[in-house]
Ligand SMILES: NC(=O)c1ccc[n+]([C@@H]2O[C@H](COP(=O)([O-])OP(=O)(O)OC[C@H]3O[C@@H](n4cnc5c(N)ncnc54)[C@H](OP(=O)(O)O)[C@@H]3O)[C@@H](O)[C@H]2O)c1
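In structure tokens, the next block holds one chain alone, the form predicted on its own.
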Amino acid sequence: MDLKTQVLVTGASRGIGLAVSRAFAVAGARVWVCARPSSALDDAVASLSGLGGKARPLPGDLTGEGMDALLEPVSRQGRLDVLVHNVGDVGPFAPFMEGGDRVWRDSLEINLMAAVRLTRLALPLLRASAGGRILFIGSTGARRPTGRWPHYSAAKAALLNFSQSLAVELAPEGITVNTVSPGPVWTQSWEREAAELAARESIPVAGVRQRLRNGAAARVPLGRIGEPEDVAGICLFLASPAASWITGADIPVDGGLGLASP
């Protein structure tokens, strides 16, 4: 890749989105780092400077109003080659009977509709590329729900269905659409769960954090919980010429957890 390769990563100020942005920047791409306006976005762009490619901030709220103008800076470059849609949120850690309609609406909004709206805006730019690529960051919960966070698993299942429908529709244009589905990867949602459990049990958060890590690692055949960087490599591959005949795929990145699950 080089500076002519235009890559847009959403939810890119931390976690998986930041790791994916870093991988593309190191590979030499021009990376648009999209996230809500914040110091975290500024810090993310600063951390990517000098890595080989060029990072630019793209502040915006994908669940809010005013999205029509979001991609104007990208449009001025003439095209978009790769869209990595990473925005998503587990939401409240609540079983089915504890989550009302608002929980379900919010989950569908952030995990599905944000992707639908952004893809609609990005498609004209992707069509201007010589073989655009769309990558959605999903979840293994879309195919193998665990009984926790049913709202999240259902929304991610809808995202996967949307991704595969889009893959069929866009295939004649040479645009590939794939889903990368992480298993237990340590991100901000795990940090939030650790903080909530620590507050509930009145114990230090560090101990809860380690307990969660150890519990996840014990279920994974490769023996550890995933890190955001573990997801970045497959995204680079799917955006490369080597993956030009792969579309509609759902690729788990879970340390073998799916093989070990009943």
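A residue's number is simply how far along the shown sequence it sits, counting from 1. Here the structure is a predicted model, which is why all the values come from computation and not from measurement.
The same protein also exists as the form predicted in complex with this ligand; that form is not shown, yet it is the one meant from here on.
- Taking non-hydrogen atoms only, T63 approaches this ligand to within 4.5 angstroms in the predicted complex.
- Within 4.5 Å of some heavy atom of this ligand in the predicted complex lies at least one heavy atom of P182.
- This ligand in the predicted complex comes within 4.5 Å of no heavy atom belonging to D106.
- Proximity of C235 to this ligand in the predicted complex: non-hydrogen atoms within 4.5 Å are absent; the residue sits far from the partner.
- Stretch 150-158 is the answer when you ask which of 74-82, 163-171, 98-106, 150-158 has residues with heavy atoms within 4.5 Å of this ligand in the predicted complex.
- Contacts to this ligand in the predicted complex (heavy atom within 4.5 Å) from stretch 26-60: A35, R36, S38, G60.
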